[in-house]
Structures are given as structure tokens and as C-alpha cells.
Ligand SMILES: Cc1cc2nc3c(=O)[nH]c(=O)nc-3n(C[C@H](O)[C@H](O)[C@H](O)COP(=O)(O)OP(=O)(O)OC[C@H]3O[C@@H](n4cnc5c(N)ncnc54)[C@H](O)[C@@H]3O)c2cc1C
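Here you get one chain, nothing else, as C-alpha cells; it is the form predicted alone.
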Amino acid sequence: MKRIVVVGAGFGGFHLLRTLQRRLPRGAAELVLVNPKNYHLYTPLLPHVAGGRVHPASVAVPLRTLKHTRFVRGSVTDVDLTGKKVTVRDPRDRDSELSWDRLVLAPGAVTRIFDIPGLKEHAHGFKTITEAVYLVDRVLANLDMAATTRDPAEREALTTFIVVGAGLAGAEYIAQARRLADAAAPRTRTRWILLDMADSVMPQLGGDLPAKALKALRAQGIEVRLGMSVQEVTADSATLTDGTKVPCRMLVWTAGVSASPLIEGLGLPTERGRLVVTAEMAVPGHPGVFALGDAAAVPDLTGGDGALCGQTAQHAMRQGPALARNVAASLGHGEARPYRHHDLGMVADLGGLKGVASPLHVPLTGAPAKAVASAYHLMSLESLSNQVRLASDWIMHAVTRPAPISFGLVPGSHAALTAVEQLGIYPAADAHSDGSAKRGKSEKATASSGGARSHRPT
């Protein structure tokens, strides 16, 4: 029996396996998924988790829902393209080999870190459940400490929160976190700053929606500074690129993603840091090897010459079923086809009844946009138990008085930028950072299987 090994349970890998289970005849192939966590994370709702509106379990779809797939918990630490083997390191740091007849690389992306002094040591990312849970605790802990300190300077730093990156992840997070703080300490004056080097927030929305989103954010008392970022971060301050030094004890970094370091280590052609693949998502020169999602430079056949599909959940969710058809075709079941998908627009929940959306490129704001976003997320979860839990979370939050609680379950060291994404298992752990040393090319690659994204689909 042929074995299909899938590396990563992000949107691409998860939806590929769901489709393969339906498309392939029973017994046609063994499906194996390698991932360091036993769940698929629905990352578009991480802001709701970090804002205390949604329980973490509501956005984590158990991998046991893939009933005809064998799950191997661990991280892929070596890919041998010639020998057709991967080495898997389990949670106890034991290595084992796994052979494959078809290999699907869906390792996702890691947080893009620039060479900014103090960034890795003092900033926090926003791509995982660990980070979302930690950020809830951190906001509440800062507010508790601010309420007891007698030092005005310390109080200012504790009640100032900076988010770098005004894309969908950063804008939605700061809106939800602001509401969390207001619910926890309504009498405490807090300061929220959103930075981005771009000239608009959430430019992916298109049209005049970014301007409307900017207005909605500022209406909530959020300082939005465009054309600006940070040039240095310390434990109690951040220096902006205009030289302003802002007292701050919490900085969240959401300024983009880079393809998993696995891709660079493969020694294969890349474009914009992503593995070059055909329109069928096959890796040229390596029969039986495929890639999709954030890690793959999938041609956008609807976008003109040289266009690549965006690193969004919308594309990954649709690339999964498309690639499943092509993998099945490589085993003699069906016919391969190129991936083609027209962008369907995006949604952004900005807290309360505020939101912006462009479903099918129809611009919406306010309550209608919020309704579209909520309906879309419920449908996209594709797990009845998760859908019920999510709806229950939203209803309880709407009809009861918020009661923010800090459990302190995640130590700060576990939520550090490099620790939470397991970058320490790479030979060159900083290979994803701008300005860092590049790894040597080889026929083998070191990587963690799995990934999460913060882009929002509709």
C-alpha cells in the first residue's frame, strides 16, 4: 500500500487530508499526518481567544476527526528527498524514521522577525494558542499591578500596550484586547498604540474599507500611527522609528510571516522565500513531492504573469482540496488540475458591533460586517462540536457580564517569539529573521511540522 505523508496540520494540510479521505478508495493508500500538536488551529479566531471572548478549545479542532488518517505527534527534523524518508522527533526528543511514497509539505509559516534590538527578547508573537492565552494573562496582570503601584512612571508603562503590524491579525487583536482591558479595569486609563510602516490599516480589504477600519479603531481610543514602527525594544519601553520613546511593558509583534525554515534548507528553488511549485502544486524535479499553503509559491493563475497566491487562510483552505485531487491523480485516481481561485474578499471583527468586510467584494461595515464575519467563522470550523462551543462562547459573552480571569498558565519564557514556534530545533534557529545568517543548501532539511497563520479568510 502506498503511503502519503503530510507534514503539518494547518489549513492546507488539514483540508487536504479531509478531502483525500473522501476521494481515495478505502485501502488505496495509507494517510499519515505528522504534527507537533494534536489539533488543527483555526487561527482567524485567535483575537477572540486573546480578548477573552472565546475558550481556546473552541478554535482547536481535534485531529482525531480525521478518522482514516494515522496521526504521528512530533516534529519533522529531517527530510531526505532522495531516500524518501522523514525523521520525526517525538515530544520526548526520540527520533524515528518514516518512509513515504508521496510527500506533502505544508509546514506553514513562522513569525517574521526583523533585526531590531530587543525584539526577540521582549516582544510577543501572535500565531498560536500559547501566545493568545499568555496575552490574556499578561494584559490582566499588567492592569492588576498598575492598580497597586504608587510609581506614576511604572503605572504608565504597565497600562501602555503596543501592537506592531496593522494587518488583519494586529488590528483585530488590538480591538479585542482593548475591550478585554475595559471589562477588567473600567476605571483604569489605558493607552493602546497600533504601528505599521504601511500607509493604511488592513490594505488587503481594498477600496475605502481600510479608511473605514482606521476610523473604527480610532473611535475606540486606539492610537494608529502609520508609516512608523519600532527601532528598539526593552523590558519597559519601546523606541519608535521617529525617535519617540514610549514607556511600555507589553509589545505584540504581528508584522508578517515568513515561510517555514524547512523550505530554505531543502536546497530547492524558492521565490520570495517560498518553495517553487507548479500550478498543480507539485515540486519540479521531484516526482511525488508536493507543497501548498504559506510555504509554497503557488502561481496565481487569476492574477497575471508572475503573480503568487497570497499567504492567507482563504487560499490554503482551497489549495488543500485542490491538491488532494492531484495527489489522488498521481496514484491513478482521477486527473490532476491546476489550482485556480478567485479572491472572495475578507472580513475583520473590530469588537462589539464594529467590523469591516468585503464578501464577494461587496463592502460592508458595522453590524452587517460583524454578522458576515461571525457566520463565516462558524461555517469554516467544519466541526459540529467546535461550532456549538464557539456559538455558546459568543452567546454567553453577549448576555452575561464579562469576568476576565488571569490563570497564569503560560510562563513568559514559553511565550517568547522563538520558543513558542519551536525554532530551537533548527540548525540555524534565526534563519527566518531578516538580517540573519542563511543556512547552507542540502538535500536534507530541518524543520518543525505544522504551522499557524494569522491571516483572515472569507
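Each residue number is its position in the shown sequence, starting from 1. Quick caveat: nothing in here was measured; it's all calculated off a predicted structure.
The same protein also has a form predicted in complex with the ligand, omitted here; what follows describes it.
Residue-level contacts in the model of the complex: of Val298, Leu323, Ala316, Leu350, one residue has a heavy atom within 4.5 Å of the ligand, and it is Ala316. Think of it this way: in the model of the complex, the ligand has a heavy atom of just one of Gln176, Thr160, Asn142, Gln311 within 4.5 Å, and the residue is Gln311. Figure note: of the listed segments 234-242, 148-156, 72-80, 353-361, the one touching the ligand in the model of the complex, with heavy atoms no more than 4.5 Å away, is 72-80. At least one heavy atom of Ala9 is located within 4.5 Å of the ligand in the model of the complex.
The ligand in the model of the complex is not approached by Val277, whose heavy atoms all lie more than 4.5 angstroms from it. Residue contact check for Arg138: none of its heavy atoms lie within 4.5 Å of the ligand in the model of the complex. A residue is said to contact a partner when one of its heavy atoms sits within 4.5 Å of a partner heavy atom; Ala106 meets this definition for the ligand in the model of the complex. Taking a 4.5 Å heavy atom cutoff to the ligand in the model of the complex, the contacting residues in 123-140 are Phe126, Lys127.
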